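Just the one chain here, laid out as structure tokens, in the form predicted on its own.
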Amino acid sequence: MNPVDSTRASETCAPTSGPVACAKCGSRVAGICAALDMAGLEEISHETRRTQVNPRDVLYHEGDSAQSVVMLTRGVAKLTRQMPDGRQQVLGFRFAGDILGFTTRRTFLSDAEMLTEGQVCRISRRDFEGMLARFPATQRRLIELCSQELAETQEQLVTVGRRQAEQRVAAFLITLAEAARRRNQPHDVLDMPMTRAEIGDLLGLALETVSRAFTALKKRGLVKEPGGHKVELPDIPALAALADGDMD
């Protein structure tokens, strides 16, 4: 798989462009563009390239030159790294509004691959830094997003290091629910495009252990699986209590 770029035959430019499209995208709701007014959106829209992407499209590879920043405006992506023994390690999942590939280093630190169809907005690193300089509100918003990601990373360390399998899966589902809530989406019925194996890789659990944990949560009445790659959370407070170790 090759990174999505202007030479890919599978890339499709979005039919809508300019501030109208920007006003409706996921970054406007939960991402850095939430800090921009319509005039700012108008200016930024001329510096970005909006493209449709398909499941399993690679947005960039680990080690590629980090000359651009990718804003995920619709869909779900996963971040992975290739381990020395050839295994792929899932680092996390990203949702509409998230910024991918923004780094102070010269190369990307992970692979970024789409799990669903969606849309991305690509901007050169130079233009992205120019946007931050021209619009101070985007700097504050970027700090908020980075702080949020840092908190989630710390929570992930606690999850993998201290929690039992059932608690890990519960904490993961709470993270997905919170991500949906921030995007003004229903957070009691979640899209789950990631596989059980990918969830296990993120949580440090075997596939069979993840499956047993989901079964246990369903028996508790905390999870339902209606089909269609969706998970229903009937009692989010109880699920959160379990993730925090407040339930037996």
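A residue's number is simply how far along the shown sequence it sits, counting from 1. Values in this document were obtained by computation on a predicted structure and should not be read as measured data.
Beyond the structure shown, there is the form predicted in complex with the DNA, which is absent from this document and is the topic of what follows.
Undergrad: Could you tell me which one of 176, 99, 165, 142 places a heavy atom within 4.5 Å of the DNA in the predicted bound form?
TA: Answer to the contact question: 165.
Undergrad: Counting non-hydrogen atoms within 4.5 angstroms of the DNA in the predicted bound form, say which of 45, 211, 185, 52 makes the cut.
TA: Contact residue from the list: 211.
Undergrad: Does the DNA come within 4.5 Å of any heavy atom of residue 218 in the predicted bound form?
TA: Because a heavy atom of residue 218 falls inside 4.5 Å of the DNA in the predicted bound form, the answer is yes.
Undergrad: Would residue 197 count as a contact of the DNA in the predicted bound form, using a 4.5 angstroms cut-off between non-hydrogen atoms?
TA: Residue 197 belongs to the contact set for the DNA.
Undergrad: Does at least one non-hydrogen atom of residue 36 fall within 4.5 angstroms of the DNA in the predicted bound form?
TA: Heavy-atom contact with the DNA at 4.5 Å: absent for residue 36.
Undergrad: Within 4.5 Å, heavy atoms only: does residue 204 come near the DNA in the predicted bound form?
TA: Because a heavy atom of residue 204 falls inside 4.5 Å of the DNA in the predicted bound form, the answer is yes.
Undergrad: May I ask whether 56, 225 and 228 all come within 4.5 angstroms of the DNA in the predicted bound form, judged by heavy atoms?
TA: Yes.
Undergrad: Quick one: which of 36-44, 189-197, 62-70, 176-184 gets within 4.5 Å of the DNA in the predicted bound form, going by heavy atoms?
TA: So the stretch in question is 189-197.
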